[in-house]
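Presented below, as structure tokens, is a lone chain in the form predicted alone.
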């Protein structure tokens, strides 16, 4: 009994026991579904039935038919534009909260999360009520005798506004958490040495907080690629994205094998994005040494 007891009290054993539930969760609910999708992508679907007929037809369709590439390219462009817009908006907000928020910082960050108190469907419905043909904006214009504007709904612009609205808090939070550990006195040192505010930001603040920025970019860009709910509510026919077409394969058309191939391609694009962001991170430049405190 002494030997098993000593084995149980070893730090390595306790670490493995504590980590086992998390490992099992990742294996069964992340790795196993991904492997299943990859396997299904090499099969074929016929009459809503999937058959283990190994082939590359699904990838030929996804990679060489212009329709699917058009939707993929549209999703990538939308993700780039939305991420850039969120980045431009999030940095001043996160900077202000981190530097000037004082004891209200936590309250301000929680206010950013207020939209998450309701579901995405309700939030998108609220945007419809604001930007729709009979929404608040057009009603206000009508009160002043002005014509209604139609470009606010059922197009790419409306879809981009909705996606940015959904994922902007992720960008702000990631940058804010990075700025929490930033020493703002460094900016005063830079200014004393003759650096203008913008130069101090580009040479001091931005590099030292690039990890938070990179995480925010990833948290916004990747969900944008797979977004399907927002284009359905706000995008209309011209605002459909790759995720919308992917969802149709598992819903209306029942072509699960083709949908799996589309999912694998989207997963590959996401992996490339993560790899690029990881390559841009220099831990030594951000002050990380790897030594525990």
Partner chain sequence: MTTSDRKTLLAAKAFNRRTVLKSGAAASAVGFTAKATGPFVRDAHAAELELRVLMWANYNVESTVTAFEQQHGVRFAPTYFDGNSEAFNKMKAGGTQDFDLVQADGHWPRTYHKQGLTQIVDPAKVPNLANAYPACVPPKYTLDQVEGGTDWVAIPNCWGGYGVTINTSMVDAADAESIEVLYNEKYKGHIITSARFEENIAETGILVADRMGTRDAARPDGKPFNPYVLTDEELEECKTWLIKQKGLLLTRYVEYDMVDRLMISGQAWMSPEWGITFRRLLAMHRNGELDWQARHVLKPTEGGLGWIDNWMISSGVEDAEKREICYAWINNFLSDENMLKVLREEGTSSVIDIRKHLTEIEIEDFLLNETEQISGLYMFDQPSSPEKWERVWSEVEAA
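Just so it is clear, the model here is predicted, and its values are computed rather than measured. Residue numbers count along the first chain shown, from 1.
Unshown form predicted together with its partner chain; subsequent notes refer to it.
Asker: For the chain shown here without its partner, which stretch in 92-100, 160-168, 213-221, 122-130 has non-hydrogen atoms within 4.5 angstroms of its partner chain in the predicted complex?
Answerer: After filtering at 4.5 Å, what remains is 122-130.
Asker: Are any of the heavy atoms in residue 264 no more than 4.5 Å from a heavy atom of its partner chain in the predicted complex?
Answerer: The answer is no: residue 264 has no heavy atom within 4.5 Å of its partner chain.
Asker: So, residue 53 and its partner chain: in the predicted complex, are they within 4.5 Å at any heavy atom pair?
Answerer: Answer no; every heavy atom of residue 53 is more than 4.5 Å from its partner chain in the predicted complex.
Asker: Just checking whether residue 225 would be counted as a contact of its partner chain in the predicted complex - the rule being heavy atoms within 4.5 angstroms.
Answerer: No, residue 225 stays farther than 4.5 Å from its partner chain in the predicted complex.
Asker: Please tell me whether any heavy atom belonging to residue 63 falls inside 4.5 Å of a heavy atom of its partner chain, as the geometry stands in the predicted complex.
Answerer: Output for residue 63 is no: heavy atoms all beyond 4.5 Å of its partner chain.
Asker: What are the residues of 220-234, in order along the chain, with a heavy atom within 4.5 Å of its partner chain in the predicted complex?
Answerer: Going through 220-234 in order - heavy atoms within 4.5 Å of its partner chain in the predicted complex - the hits are 228, 229, 232, 233.
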